[in-house]
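Listed next as structure tokens is one chain, alone, in the form predicted on its own.
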């Protein structure tokens, strides 16, 4: 491993080999049981700076740090910090870097994690920057895909929902395009379709893709479907959001046409993209996917800080 003191601001900050190393460590942790892992991060402080709301990402990072013997400090409401007085992101990062050994940051502005990295003296881990990327979600998504399919290549992976603003989907698209012979099905209405720069990225990486708006038709040959909620907070107007807010709801008619190995993933929070009647279906894997955040983030923190 060569990740000691490295930052992760975008998924391509690490190589495929390094992704695979992290996934292997995460699998060992999960197999051993997160409560049974050696506390390799004793006397380590991990700061969690959440300028945007979070449940799974923040709590799984804090759980991962605590399971490894580290302590955490931070905030979940920027209004209760000096940011409310006009302090810049850069000054906040400089201050917190003096109090901690690593900083996990979620921020509403695209590129904010890279800005933080530019001034920080400790590793920065991007927990979501605007509509840009969410690289640690991608690593746990890769972990979940490999766990269910046994591989990360030669797959047909669908992405449905908000493909314009969905940062988790953006990062995962970039990652699976790096693995061999994957085909992407991009399913969204025109208003929230995949950005052109991502389509160019697929072309550069020789990754085949199709675009459509028909969820039922596109589902039939998939190994994985990755659903994204409509990102209300990213829209310029409420009218634009209202026009697409209920565009998809994956239900039993969709599940009925899927292959035997098909698995349904979702990064959460869920609004109405999945019928809750499917929550106990053997092909629904989104709750297990969320739980995988702890061993994966333990593996990442161990790799950077131990």
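Positions refer to the first chain, counted from 1. A quick note: this is a predicted structure, and the numbers were derived from the prediction, not measured.
Only in words, not in the display: the form predicted in complex with a small molecule, which the text now covers.
In the predicted complex, the small molecule stays beyond 4.5 Å of every heavy atom belonging to residue 170. Although the partner is absent here, residue 56 lies within 4.5 Å of the small molecule in the predicted complex, judged by heavy atoms.
Proximity of residue 164 to the small molecule in the predicted complex: non-hydrogen atoms within 4.5 Å are absent; the residue sits far from the partner.
Among residues of the shown chain, residue 106 is one whose heavy atoms approach the small molecule to within 4.5 Å in the predicted complex. Contact with the small molecule in the predicted complex, judged by any heavy atom within 4.5 Å, is made by just one of 267, 26, 64, 46: 267. Contact with the small molecule, judged by heavy atoms within 4.5 Å in the predicted complex, is confined among 47-55, 243-251, 32-40, 273-281 to 47-55.
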